[in-house]
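Form predicted alone, single chain, as structure tokens, below.
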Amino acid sequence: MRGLLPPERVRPAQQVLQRALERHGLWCDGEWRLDHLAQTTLINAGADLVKPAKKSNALAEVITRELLDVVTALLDDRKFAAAMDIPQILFTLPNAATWTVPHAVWHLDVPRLPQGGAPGVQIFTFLNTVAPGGGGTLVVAGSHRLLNTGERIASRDVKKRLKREPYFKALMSRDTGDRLRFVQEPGRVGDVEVQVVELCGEPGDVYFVDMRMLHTLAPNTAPVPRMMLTHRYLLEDMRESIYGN
């Protein structure tokens, strides 16, 4: 949803991160100063730099009534609660010369549950412009429709089972060439269409993602950092199954 969050909510959160980066000389007088940085290929490059900002109330205030109304509608008016007190910062310094779909760190944050259906909704939003190739989270659209077997399957086992399918075996293999095809064209697993989607957008844009979807970090080939936030909303009647209590 484009522009769902108003600038007066997004800007203070953006400033919190910028102040943290000012201490390291990366943000100065309204501009990025990254020339002095050593080149890195770390997948989460720079994440430690913004740790001082992770408990700021400005991050929590990004969440609006309008955003929660969308979550409510997606979860069919069932009761839900945030999995965290404050949205999580997703930050990546420029860390790659060329962009590709990674083979590693594909994961789920929750298991498949016997109740079926979405256990919750994860939102992704932007504190600066994240253009294609700029480190936006990658999500396998359609993967939420797989392995809904009526049993509890731990996240690591969901990934193992998915790798039995040729599409996911290729996606998660370092030996697969032509990796851009995963974003350029859809694949199929049985009768389910799947495709890697790069989450790009402008400050205030919000993606709403079924929490059964496989996702991963992406390389950042842009000249500026990737600054995003994510927050997770879990159905209250599924929390016990999610955490295995």
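All residue numbers are counted from 1 along the displayed sequence. A quick note: this is a predicted structure, and the numbers were derived from the prediction, not measured.
In what follows, reference is made to the form predicted in complex with a small molecule, a form of this protein that is not presented.
*Asks:* So in the model of the complex, does any heavy atom of residue 80 sit within 4.5 Å of the small molecule?
*Replies:* Output for residue 80 is no: heavy atoms all beyond 4.5 Å of the small molecule.
*Asks:* Indicate whether residue 86 is a 4.5 Å heavy atom neighbour of the small molecule in the model of the complex.
*Replies:* Residue 86: no contact with the small molecule in the model of the complex.
*Asks:* For residue 161, is any heavy atom within 4.5 Å of the small molecule in the model of the complex, or not?
*Replies:* Looking in the model of the complex, residue contacts with the small molecule do not include residue 161, since no heavy atom lies within 4.5 Å.
*Asks:* Mark residue 220 yes when one of its heavy atoms lies within 4.5 Å of a heavy atom of the small molecule in the model of the complex, and no otherwise.
*Replies:* No - in the model of the complex, heavy atoms of residue 220 and the small molecule never come within 4.5 Å of each other.
*Asks:* Though the small molecule is not shown, can you say which of 137, 143, 95, 128 has a heavy atom within 4.5 Å of it in the model of the complex?
*Replies:* Exactly one residue meets the criterion: 137.
*Asks:* Have a look at 150 to 158, 95 to 103, 116 to 124, 163 to 171 and name the one stretch with heavy atoms inside 4.5 Å of the small molecule in the model of the complex.
*Replies:* Going by heavy atoms within 4.5 Å, the stretch is 116 to 124.
*Asks:* Indicate whether the candidate residues 9, 56 and 63 are all in contact with the small molecule in the model of the complex, with contact defined as any heavy atom within 4.5 Å.
*Replies:* No.
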